[in-house]
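Quick heads-up: the structure tokens below are two forms of one chain, split into structure 1 and structure 2.
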Structure 1
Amino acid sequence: MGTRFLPQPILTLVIAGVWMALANDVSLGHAVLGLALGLVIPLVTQAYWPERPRFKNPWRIIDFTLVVLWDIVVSNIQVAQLVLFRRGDSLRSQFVRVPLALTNAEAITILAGTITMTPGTISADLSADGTAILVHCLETDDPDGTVNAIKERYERRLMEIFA
């Protein structure tokens, strides 16, 4: 994907979009300026990140984003309930270890971010060789169930997206 003068076509579009959002104006002038920046910036910064993620199925990103956004709303309501109606000492919180099947660095980063944003869990640390994530649960009876839920709901989808 990408040629010599257009190494990252998606990044070019993202930069143009962010430029127009910063200017808060959708017009031809800003679109041209944004696209010019989007052409120059990837060329100049190309040397700093020689490796880039390879996608197997980029369209599943939409599916994944919708699932995560829904889970963010649900998780906020759950955490708000726990904070408001439970004594802090009575929350059964503990650390669990989530073994990873993902090997791609970008995919692991996205998974860690997703775990933090979704119900009652925070990714606290990564193992030294990157094969497990340390997750802190705010309230759980069933650590194995939490681990399985994370693997089923997010990791499986991420494995479909990244090659």
Structure 2
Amino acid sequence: MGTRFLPQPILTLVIAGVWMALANDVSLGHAVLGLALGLVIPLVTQAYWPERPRFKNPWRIIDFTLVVLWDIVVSNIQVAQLVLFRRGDSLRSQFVRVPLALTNAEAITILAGTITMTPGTISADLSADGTAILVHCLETDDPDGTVNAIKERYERRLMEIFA
């Protein structure tokens, strides 16, 4: 998928969309600038993408995005409750190791970013062999449940998206 002029069409659209969101302005000027950036950045960086990510089911990106947005909203409320109504020394924070079934570097990067974007969790480290992510949880009394939630809500969906 893609041509010499348009090496990564999906990335082009993502860059243009992110530009529009960052500019917080839907206008012709920002649309043209977003598309220009979306065309130039993949062309300039294509040497660094020897293997382009392959999407097995790109429509699942919508489902993944909606789940992540919902989890961000819910987690914000939960973290606000912890900060406002709990003492710091009563938090049950800990590190959990999340074993990965993902092997695609882009998918692992998206998973780590998703974990970090969700309030209350941070991706702290990726194992040297890429088979596990170390995640810090602000509050968990069930580390296995946290690992299962990450694998079911995020990793499974990413495996459906990436080939």
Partner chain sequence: MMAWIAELLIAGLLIVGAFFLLVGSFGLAKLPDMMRRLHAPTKATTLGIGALLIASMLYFLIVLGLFSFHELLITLFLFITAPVTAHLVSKAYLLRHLALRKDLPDVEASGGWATLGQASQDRQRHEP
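Every residue number counts along structure 1's sequence, beginning with 1. Heads up, when I say rigid core I mean the largest set of C-alphas that superpose within 1.5 Å between the two forms. Since the structure is predicted, the reported quantities are computational estimates derived from the model, not experimental observations.
- It is structure 1 that shows the chain in the form predicted in complex with the partner chain.
- Shown in the overlay between structures 1 and 2, fitted on the rigid core, is a CA shift at I15 of 2 Å or greater.
- If you fit the rigid core between structures 1 and 2, you'll see the Cα of S27 move by 2 angstroms or more.
- After superposition on the rigid core, the Cα atom of I61 is displaced by less than 2 Å between structures 1 and 2.
- Taking the core as the fixed frame between structures 1 and 2, we note the C-alpha of L37 moving 6.2 angstrom.
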